[in-house]
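For reference, the chain that follows is the form predicted alone, supplied as structure tokens.
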């Protein structure tokens, strides 16, 4: 079993009467790309700030790279590339000089940030205060990646980036994963996470709804099979087949929610003239929306 890089147990954080995190148990293993999903206010940024010791938990335990962030200090932070959701930069500095300063703090080689700045289209001579939001985000990304950290903690990393730079960022994540780095990132752009995340944690109102490999999450939610036949089919026998959860009929078109093997469904369809058949696994966004719906139903 691979090494645990991030581990929280019973992690809670209160801001007065507001419970931002409620008993969060989270495990991220070495070399994983872990997508942390949830709406605004779910507790994603709070969790990341606790990992970086920007915030202290109300209760529970947390370990990052085997160390309690409250005692790890600069030595621990030097092993992490962090992009906060609210990026604070020195607006008076030039991009290059600020990144050089950050590189020294993290023990990176001089100019280690330059390849990332070039890929992201950053001008090192520009003053930070005059940059757009998207270009400031690129500065933060160049800083996070430059020293090849063991762990990348990235809070909404594509915020403000145009589609081309979003794609470049995903390439950077894949390269980091191939180099053995661990990436823990949050995003509202679920279609992006779908291309890079191996494990997904779904957060709702400070609680972890689920944490599972993306493939397992999809399998758990099944497959949608759309079948068009020459003549209308009776949906009742289809609904009794093994693995079929729901059936919706609309004329000659059947929509089937299928869990498990399609064998029984295919054998049943073999006796009919099938005009068209399409099987689709739910995308990440659909999967998360279903999980939220199920969790809300369980709360009632």
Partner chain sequence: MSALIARRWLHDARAGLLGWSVGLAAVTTMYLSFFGIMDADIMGDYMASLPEGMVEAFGFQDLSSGAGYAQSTVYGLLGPVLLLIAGMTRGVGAVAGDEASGALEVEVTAAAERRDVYVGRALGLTGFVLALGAVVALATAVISSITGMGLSPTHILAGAAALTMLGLVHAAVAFAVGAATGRPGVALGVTVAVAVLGWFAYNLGPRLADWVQPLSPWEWAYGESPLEQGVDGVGLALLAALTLVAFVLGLLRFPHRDLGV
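Numbering follows the first chain given and starts at 1. Everything numeric here is computed off the predicted structure, so don't read it as measured data.
The discussion below concerns the form predicted together with the partner chain, not included here.
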| item | value |
| --- | --- |
| 4.5 angstroms heavy atom contact with the partner chain in the predicted complex for residue 49 | yes |
| Non-hydrogen atom contact residue 130 with the partner chain in the predicted complex at 4.5 angstroms | no |
| Touches the partner chain in the predicted complex: residue 88 (any heavy atom, 4.5 Å) | yes |
| Proximity of residue 98 to the partner chain in the predicted complex, heavy atoms at 4.5 Å | yes |
| Contact segment among 71-79, 203-211, 179-187, 156-164, judged by heavy atoms lying within 4.5 Å of the partner chain in the predicted complex | 71-79 |
| Contact check for 23, 29 and 65 against the partner chain in the predicted complex, heavy atom at 4.5 Å | no |
| Heavy atom within 4.5 Å of the partner chain in the predicted complex - residue from 135, 102, 199, 229 | 102 |
| 274, 266, 54, 253 - the one with a heavy atom within 4.5 Å of the partner chain in the predicted complex | 54 |
| Residues of 257-273 having any heavy atom within 4.5 Å of the partner chain in the predicted complex, listed in sequence order | none |
